[in-house]
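Given as structure tokens, the chain that follows is alone and in the form predicted alone.
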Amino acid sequence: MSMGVPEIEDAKLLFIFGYNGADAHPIVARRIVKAKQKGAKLIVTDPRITESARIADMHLQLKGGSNMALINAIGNVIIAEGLADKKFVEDHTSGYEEYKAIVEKYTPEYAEPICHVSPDLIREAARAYAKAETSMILYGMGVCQFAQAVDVVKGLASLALLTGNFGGPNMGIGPVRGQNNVQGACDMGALPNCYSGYQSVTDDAVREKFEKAWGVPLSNKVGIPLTHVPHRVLEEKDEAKKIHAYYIFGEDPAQSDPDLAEIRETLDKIDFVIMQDIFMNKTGLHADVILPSTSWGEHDGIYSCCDRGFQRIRKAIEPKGDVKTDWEIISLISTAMGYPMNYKNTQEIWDEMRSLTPSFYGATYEKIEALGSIQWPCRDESMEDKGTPYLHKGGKFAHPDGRGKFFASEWRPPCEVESSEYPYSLSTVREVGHYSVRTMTGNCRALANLEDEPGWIQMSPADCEKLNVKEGDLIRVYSRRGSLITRVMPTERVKAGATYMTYQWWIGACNELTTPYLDPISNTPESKYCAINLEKIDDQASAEQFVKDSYESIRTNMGIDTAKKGV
């Protein structure tokens, strides 16, 4: 994020793109509501009528997979109607002419058959965004989980460059992360190409600094991303590149990754799988070793908020049973393997990280304690350096020439589109009642009683009528990769031909259906679009029994007491 979450409520216009705050981040959604109450204009771009769309001044209900075409069309209008901030563009950016040449053909009329949004509405949205005193873009997984995700993110940033919406309060562009501490994992170097603070592994000076601190030689080669693991297990012929061991903690790829049949095959063919978690999950069924760890309320540490803010968390209760914190388990394994790790507490780990990361160096435990949150970069330990609420102050960007770089790309359709055999599209979405893969919330009796297996598929009433199904009916959903049973949820919030499912259910596991296609730069899977078909189930009683038996079988295999739900 170029700004902070608190600034959301003071922006004059919020352009919300592929982001459903009410279900994904209720606290951030409250900021959006406050902005609306303070007079901000809301433009929401989403194929569904989300809660944000419901209160929006304008809802651009585009067809899934058309993000790039719509963004190019908005850029086209801003340029064609002379709404760009010419001084900001001239003084602080580069690549404008190349950008202009690409978006030139994306008139609203050109984009309409791709996006299914009227030209008048595209023009109205572009004018409102460009003319607002301070405009802020918020985007979520509806942008990131496509094979053209990085292009779209750069395209959104280019709209902010075009209108001068960088470098001041209550403006900018903000990715609102898909899970807690995604920002923190990246900040700390849990990426294949960098150390903490985004210091490149291919930079010899950086590598030598870490070698000196840790006392071991380090590779200067970029590692592989998570989504390449199946290839390195199932297809790699070079034994030196093949993956033989997989250490998974705080993650459930057997539920959350696309094309689950491929993931199960991958986990079964890896020589050795370690799972480290707080509850049993689908991945645990494939693990050779299971390491029990503490939950969020049983340990200390630091989170990064989505807006770059470091925040302390503190142990609320002492853990029970044979469990240890994640950092203690990692330290013990490292020591047993010949590299001693002898940290006494999380502050020692944090201080070591700060000493090696210039942009985080000033964020001491003491300062975070005093201020509550510190947004990086924060380079000085003194209390005078309180961090950086917004980036690119004065129009200075993190490039050698100090200029922001325009970017545009031709629109590409999703990698798998509807056909006569698979006439519907499917997108994965969130719901407010359960979190992520449900490892935590599924073990809460109250939440499990409110909503349980096999989940729902959101469908338009027109599609329900065509299939002669009603709310609560079990229906079979299948794609080129697998099939599942789930319940019908008719809703006016979705367009005919488009369906939506949450990915946390064990029986209605929609990632049985999703594609493994990746964005070529981020390597994020295209979870927001695949082609499916729907099949009415005539024998509902047998289907209900199948769901019940399948659920009990999974719980038994996991060692969960089948006599009760939740804890």
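Note that residue numbering begins at 1 and tracks the sequence as displayed. Predicted model only: the values in this text are computed from it and were never measured.
The discussion below concerns the form predicted in complex with a small molecule, not included here.
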Work out which of the listed stretches, 367 to 375, 250 to 258, 162 to 170, 350 to 358, brings a heavy atom within 4.5 angstroms of the small molecule in the predicted bound form. 250 to 258
Residue contact check: D46 to the small molecule in the predicted bound form, 4.5 Å heavy atom: yes
My question is simply whether Y198 lines the interface with the small molecule in the predicted bound form - judged by any non-hydrogen atom within 4.5 Å. no
Contact between L267 and the small molecule in the predicted bound form at 4.5 Å, heavy atoms? no
Does the small molecule come within 4.5 Å of any heavy atom of I32 in the predicted bound form? no
Exactly one residue in T346, S436, T107, N193 has a non-hydrogen atom within 4.5 Å of the small molecule in the predicted bound form; which is it? S436
Only one of A69, L62, A498, A53 has a non-hydrogen atom within 4.5 angstroms of the small molecule in the predicted bound form; which is it? L62
